[in-house]
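First comes one chain, alone, set out as structure tokens in the form predicted on its own.
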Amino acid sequence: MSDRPFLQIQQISKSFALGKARIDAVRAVSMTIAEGETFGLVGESGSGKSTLGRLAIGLMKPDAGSVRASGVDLVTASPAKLREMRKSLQIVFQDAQSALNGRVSVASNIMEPLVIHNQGTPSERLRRIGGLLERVGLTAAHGPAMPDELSGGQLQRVMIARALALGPKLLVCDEILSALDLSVQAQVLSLLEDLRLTEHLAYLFISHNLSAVSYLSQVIGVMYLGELVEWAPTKSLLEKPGHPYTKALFDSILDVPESKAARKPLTILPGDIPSVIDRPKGCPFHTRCPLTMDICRTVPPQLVQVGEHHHAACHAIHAAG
């Protein structure tokens, strides 16, 4: 893993119109992903993870803030420069069946980005496709198949192959394990880690699967109601989560211990994530937090350093420190 930053996001925000109201999907998020690093992003549905993933690679433009990849600001880049940067920034979507064109072959799906970016001759493209299929654990024989002839795990491998076609530096993986069996999830995780090490790929890995995120990521960020409320190196966050929301997420993992004596009660996070239309004032988590103080109801906490490379936005942590 490199210490050199590849993706730098500074104070980006994104809102959407819903009738006469505005929905704040992402609010003033800053983060950095180094070359060859996996940044895992966790949080409940509706926390803004997928929107942040699309903002990170220029599929959406933020209302405020900057997104820089290899020093290029994707927000202000010209269309030509942004098109060039797309080779380095790719995404693997959750639903491979919908993301692939079911009317053409697997090979044609993988070839599409090569054609769009005018990469190689027809024969070179075919050789590239064969190599990509083998790289993701398939064979050249899968190329002529139609997407509906493949299993869910095979389709996700095709999606990864297509994302790799242009030689990217960073992949956004948006809930790509959610529809897969556990054994297939393990295979895909192993493939992603192998690609990270051999191809020096960086990932923004978005998932509800905390075990998968913990396995694959060097850094984990926690989102709640559009805000990044905590981030830290994986080991630090697992050993000493600071934010009450992070603790609740980790405590909610169903764990089967080796013995009955080691069993601990399953903690259920109370309540639901508040409506983005009627956001709580102050700390967004105070309506569900066991540590709520008066200040939490009126003053938004700042994301500040609470340990080595460990940041959290929580008045209770700040007061204790």
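No experiment lies behind these values; they were computed from the predicted model shown. Residues carry their position along the shown sequence, with the first being 1.
Another form, the form predicted in complex with a small molecule, is not on view; read the next lines as being about it.
Contact check for 70, 85 and 200: none of the three has a heavy atom within 4.5 Å of the small molecule in the model of the complex.
Site annotation in the model of the complex: the residue of 45, 252, 66, 30 reaching within 4.5 Å of the small molecule with a heavy atom is 45.
When the small molecule is considered in the model of the complex, residue 208 lines it closely, a heavy atom lying within 4.5 Å.
Under a 4.5 angstroms non-hydrogen atom cutoff, the small molecule in the model of the complex lacks residue 38 among its neighbouring residues. The closest heavy atom approach of residue 23 to the small molecule in the model of the complex falls within 4.5 Å.
For residue 273, no non-hydrogen atom is located within 4.5 Å of the small molecule in the model of the complex, even though that partner is not displayed.
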